[in-house]
Structure formats: structure tokens, C-alpha cells
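Given as C-alpha cells, the chain that follows is alone and in the form predicted on its own.
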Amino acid sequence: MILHPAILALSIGSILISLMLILSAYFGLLILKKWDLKSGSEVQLSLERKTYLISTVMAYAFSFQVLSFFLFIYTADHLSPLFSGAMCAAGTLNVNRWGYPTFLLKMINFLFAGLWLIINYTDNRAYDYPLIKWKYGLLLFAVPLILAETIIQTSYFLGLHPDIITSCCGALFTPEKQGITSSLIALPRLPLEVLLYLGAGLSIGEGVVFYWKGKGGWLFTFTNGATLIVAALALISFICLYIYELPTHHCPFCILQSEYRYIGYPIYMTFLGSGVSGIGVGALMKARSIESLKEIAPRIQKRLVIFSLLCLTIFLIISGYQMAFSNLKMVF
């Protein structure tokens, strides 16, 4: 099982990223302690020569980290026929206790990697690297998360054995099963739907205000984040039902399969894309007051707002279309 091409790609990629992070973390510590652009010391000159190389290497590493989330759920879904009882990624992730923790860490690290790439891109636009300590501080914070993901993912892959009988998504995402999934499924649809579209409307309105007036960046980030949390709950609670046209099928992974036109991938992409962009807007608010970024940062923030709202709009269109034209009709 460990020799599966996708598993090998994920495992080797995670190990390489972890090694690069460890080396970069050491460099980051030197940056945090000794970086002084006004100094002409040998140490400062050495740091300036290395920082571009390290930033470039980490940009590629974090780009793979972003892509690895989708490769992971694709792999989990396509391994499901190898396990008795599994019908999609939900069953494959349930083969052992490390599956779902790996999935959650992948999602969290996706957000961290995307945020680091935004900050790094902004920092490289300025002549004096004003965000260098900030981005290396964030990198140090991400190191334990990436290392934990690598260890847990390796444990998960090593624990995959074809003779294991697992549970299908119908047994995992059901109101009868005790746990967090049953609580999510039991959430009332009408209040959740109202919150979803109200939050989306506020996000769009605040995004437009920020784009034209440059005010309310933190408010947009907060509203966007809250809306996406509601969207994730709504996806499991009732949006999936319209896609499957079944009133009891709440699995968020079957939508990745061909019989549902792989609609899960654009849903996940737009969901996470809007989240990363929205967080990036708030993360760059302080950069607006830095002399070398006072014109650059607002332009980048405007692009992030546009991308975030575009992703959110596509998510709403996809989910709204499925709800409007599904053969399943539900009453409140």
C-alpha cells in the first residue's frame, strides 16, 4: 500500500517539506535575532544573500503544501475500493485513527501555507523586506504543525492494510451515530441557510466598501471567516442532500466522485480559496502603514478581496444551483 504512486508522492513531498522547514527555521531564528538592515556587518550581509534563496525554496515548498491537500483527498477517495466497507474517502480515512487528524492538519496547513505565500509575495515587492521578521515568525509557528502532519500522515499510510474492514459514509455521517457528525447533521436548516446568505451578503458588501474606500479590512476578514464556517456546516447539514438527492446522505466526500461530476473539488477549492484570501486581507492591514508598502499593500489587498469574493460567489452559485434544480424537494 505504501508503494502506491500517490502515497509515495505525498510521503516524499511531506518529508522534503519538513526537512526544508527545519533548515529554514534555523535561518528564521537568525533573522529574528540578528536582522538589521541598517547594519553593514558580515552577519547582516550573509543574511541578505541567503534570504532570497530561502524565501524562494519555501515558496515552492508551501505551494506543494497547498496542492497536497487536494492530492490527499483524491488519494483517499481512489483508495476506497481497496477496503471492505469503504465507498469513498470517508471510509478510507476511517481505516485507522490517523486518517481524520491528517485531513484536519492538511486543511489547517493549507491555510497557513497560503497565508505565508501572500505575506512572502508582499514582502518581496518592497526594497527593504519590511515583513521579513513577520513571515519567518509565522514560519516558525508553522513548523510544529507541518512536522505533526508528516508524522501523523506517515502513521496513517503505514496503517493502511487491505484486510481491514472499515465503515462507509452512511454509517459515519448519520444522526444515529454519537459524536460531532451527528451534531452537525442535526443543525436546523432554516437558521443555517439564513446565516449563510446573510453572511455572504455582508462579506460582499464589506468587500466592496474596502475595495473602494480602503476601510474595514479586519471586519471583512472576520465576516468572511465566519461565513465560511457557516458554509462548511451548511455543506454537511443540507447542501449535500440536494447534490445526492437523498434526504439522509450527509457525506462531504462522495461529492468528489465521478457520478457527481467531481463537483466536490470546485466546492473545496472555492471554499478554501476564499478563506485564505480573506485572511490575507487582514494579515496585510499593518503593512499599509509601512513606508515601502503603503502603495503596494493596498493593491495586493484589493486583488485578494476580488479573489475571495469571486470564490465565495462561485461557491454560492454551485450550491444554489444544486439546491434549485435538484429532484429532491425539502420543506422546512
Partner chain sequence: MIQLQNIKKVFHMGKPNEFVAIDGIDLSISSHQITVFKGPSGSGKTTLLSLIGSMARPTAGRIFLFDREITSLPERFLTEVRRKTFGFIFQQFNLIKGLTAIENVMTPAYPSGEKRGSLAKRAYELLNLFGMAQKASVRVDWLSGGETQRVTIARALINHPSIIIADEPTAHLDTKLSIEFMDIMGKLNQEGKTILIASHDPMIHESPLVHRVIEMRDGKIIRN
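Residue numbers count along the first chain shown, from 1. Everything numeric in this text was worked out from a predicted model, so none of it was measured.
The form predicted together with its partner chain is left out here; the points below concern that form.
- 124 is the sole member of 167, 155, 124, 257 with a non-hydrogen atom within 4.5 Å of its partner chain in the model of the complex.
- The listed set 244, 253, 129, 98 contains one residue whose heavy atoms approach its partner chain in the model of the complex to within 4.5 Å, identified as 129.
- Only one segment in the set 35-43, 267-275, 283-291, 301-309 has any non-hydrogen atom within 4.5 angstroms of its partner chain in the model of the complex, and it is 35-43.
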